[in-house]
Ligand SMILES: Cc1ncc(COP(=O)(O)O)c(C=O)c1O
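Only one chain is included here, represented as structure tokens and corresponding to the form predicted alone.
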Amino acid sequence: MSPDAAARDFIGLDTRYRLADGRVTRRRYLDSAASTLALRSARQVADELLPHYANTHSDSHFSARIAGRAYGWAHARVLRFLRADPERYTAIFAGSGCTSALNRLARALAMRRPEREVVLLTLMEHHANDLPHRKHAGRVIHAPLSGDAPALGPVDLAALEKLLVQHRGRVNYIAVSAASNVTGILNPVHAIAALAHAHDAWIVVDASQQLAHAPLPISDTGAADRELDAVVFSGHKLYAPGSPGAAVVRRNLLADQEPDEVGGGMVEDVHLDGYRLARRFPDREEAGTPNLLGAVQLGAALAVLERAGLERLHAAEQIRLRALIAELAAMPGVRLYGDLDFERAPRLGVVAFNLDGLEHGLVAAALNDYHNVAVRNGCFCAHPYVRELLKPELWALEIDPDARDAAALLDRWRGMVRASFGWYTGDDDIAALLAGIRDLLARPEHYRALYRPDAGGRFVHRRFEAPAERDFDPEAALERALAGSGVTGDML
């Protein structure tokens, strides 16, 4: 299958919904920064494993051996995708995204060097790569970004180095996103690794936003000082919804230290008065029954991306991204966020914007209800970053802080709209987004009259309703499945 054909090999590309004006059209899915659609071929691999399904940690029967081998293959695929040496790095599956793995790393690294109580973050971090470090480190410091709001760029390397010098001998590690989930702006993580290592600090990279768009090797040059110590990512952002989160970690950061979670499968022996941990990686780090099907689906998705050539996919995305940003930047009434200079601030397929005079929630609702364009709005689990990007316009709001509804009014404007690409994003999807934006800008009062804000800050259509069960009802789906299988209610 060619890369172009594979771009259409996703479940959900032809999903259709009835809109507020009565039309039934195909959904334009531009919310991939939250979760991507499922790669059909990767899902098929997991489905083919199902007839052999069994638990791992045994070779006593055929199915268990097949399950164990498939699970090992998924680990190997993760290491290969990041070009990590399997002799020095291990791949670990955990949770349902990157959050679980980041919490585990934060706890483990704090315990390994308790005398180094400082952790450096950046201002652009997603809560998943911010709150775990706040909870487990003695002190967290957020390094500033380059530029000024709303045109903030990547982390300011000079300021980061100054913090390393200022807290010399006390910085345990730097935790940084490879790319922002709000603006798509990339951080120079390998240069940050070199800075960290020069000060005997480690680097933990949240690569959840980057790996579906661009490659991220453990070292960009092969030099040891530019190696990343730990890379964490989410399978549901890599075309494998339902898969676990994954972490690629330098083994010596975890060796000789008891894992945070204990249970079945990660011990050699258990007595009434104690237990002996397994020495094998990744077994010792993965207590309990694994998400075998999800891990294999993720491994298959990574293999397909590798075959397609992530560099090629990245180059094609850049053409579409630059064209979209150029179109939006030329539209009166559109405000874009993040440094728009691609040389100074390289970015991935994520665009955050607002429209003059229209709240972000209203824009997202109208794009969905009248144009079937699926975007996300709000602060995207990156509240400090979004507030910093919005600071100039929030200051300019004429809202009386003593007014009874001041907080609710402020919340309506404290956010933005985000359109984000996937491998499957085409020119027609972008054209639909642009057409929707032009429509809203041309008729702002028309759309405002159609919606009312509710107590939670959502904008609710005054006449149109689209209850979730209209398009998917789990109970109805179950009845259809049972009917198709020949099982009737009186048999159960």
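In case it trips you up, residue 1 is the first one in the sequence shown, and so on. Just so you know, these numbers come straight off a predicted model, no measurement behind them.
In what follows, reference is made to the form predicted together with the named molecule, a form of this protein that is not presented.
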Residue 172, heavy atom within 4.5 angstroms of the named molecule in the predicted bound form:
no
Although the partner isn't part of this model, could you tell me whether residue 213 comes within 4.5 Å of the named molecule in the predicted bound form, counting any heavy atom of the residue?
no
Can residue 99 be called a contact residue for the named molecule in the predicted bound form at 4.5 Å between heavy atoms?
yes
With a cut-off of 4.5 Å between heavy atoms, is residue 33 one of the residues that contacts the named molecule in the predicted bound form?
yes
Picking from 164 to 172, 202 to 210, 106 to 114, 216 to 224, which part of the chain touches the named molecule in the predicted bound form when contact means heavy atoms within 4.5 Å?
202 to 210
Considering the named molecule in the predicted bound form, which of 236, 360, 371, 347 comes within 4.5 Å of it through any heavy atom?
236
Since exactly one of 133, 126, 190, 75 fits, which has a heavy atom within 4.5 Å of the named molecule in the predicted bound form?
126
Just to make sure I understand: among 175 to 193, which residues lie within 4.5 Å of the named molecule in the predicted bound form, judging by heavy atoms?
179, 181
